[in-house]
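Coming up is one lone chain in structure tokens, specifically the form predicted alone.
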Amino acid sequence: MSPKTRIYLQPTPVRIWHWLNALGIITLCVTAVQIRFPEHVHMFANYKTAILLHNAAGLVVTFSFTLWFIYYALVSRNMFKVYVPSKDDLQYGILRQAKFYLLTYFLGWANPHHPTPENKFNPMQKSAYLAIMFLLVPLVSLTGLLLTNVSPMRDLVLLIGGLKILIAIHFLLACSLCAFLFTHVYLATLGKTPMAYIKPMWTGWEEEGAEEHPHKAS
């Protein structure tokens, strides 16, 4: 395949972050089920093991988030361009992309967004990732760290409303993150082939036209 037909879309640091993050979040979700429902779920040896794995996965996610932040803020220096929706994105792009996901994809139309290294995400992705990476993940990480070692941050926990309130906030935030995971995996299969969007996260390269519908009429 000629190099002209491919775009180097995902640099190595981004791919490392992505799979570290994926591994950490999946482990968090699985262990959380046993922690939340210990009388019904017994996937791991015991309750203590589930907690240890959960805490370790939380540290992995926190580390991967730090890696992501350092790369986009200090290395590539294009964080806001990549993740913050433009005026056109907010006025027209979100509706155009929603129309594609909800209707025109099933009619065989091409994706209106064509990714480039400086514009990797469509308007809906930008809006979702902005909320997730700048709000949801930091809050999940912070509440998780507080729950890991309550005593040193006792005053902050009391300020939030106590341990039960903190646990409820962490659980609801985690559920939102888990829901995003399922949505993310589904939308990642809507390329020319089910693996068209997933492959670049392994190789870094995306084929031009990967966003085209496989049954689009020529």
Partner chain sequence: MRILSKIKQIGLLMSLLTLLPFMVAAMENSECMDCHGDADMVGKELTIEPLTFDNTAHAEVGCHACHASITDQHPDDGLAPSKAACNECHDEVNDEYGNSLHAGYADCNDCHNPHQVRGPTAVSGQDMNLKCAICHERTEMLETHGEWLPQADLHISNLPCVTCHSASDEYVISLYIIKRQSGTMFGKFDLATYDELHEFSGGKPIERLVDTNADGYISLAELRMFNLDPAKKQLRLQGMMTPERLSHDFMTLDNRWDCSFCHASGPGAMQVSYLSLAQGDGAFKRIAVEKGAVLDALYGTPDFYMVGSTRSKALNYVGLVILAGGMVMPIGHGTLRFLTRKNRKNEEE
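Residue numbers count along the first chain shown, from 1. This structure is a prediction, so every number in the text was calculated from the model and none was measured.
Keep in mind the form predicted in complex with the partner chain is missing from the figure; the text below concerns it.
The stretch from 126 to 134, 84 to 92, 102 to 110, 70 to 78 that comes within 4.5 Å of the partner chain in the predicted bound form, counting heavy atoms only, is 102 to 110. Contact annotation for F63: none of its heavy atoms lies within 4.5 Å of the partner chain in the predicted bound form. At the 4.5 Å threshold, heavy atoms of L142 stay clear of the partner chain in the predicted bound form, well away from it.
When contacts are judged by a 4.5 Å heavy atom cut-off, G58 does not count as touching the partner chain in the predicted bound form. Using a 4.5 angstroms threshold between heavy atoms, N119 stays clear of the partner chain in the predicted bound form.
Heavy atoms closer than or equal to 4.5 Å to the partner chain in the predicted bound form belong, across 169 to 195, to the residues F171, L172, C175, S176, C178, A179, F182, T183, Y186, L187, T189, L190, G191, K192, ordered by sequence position.
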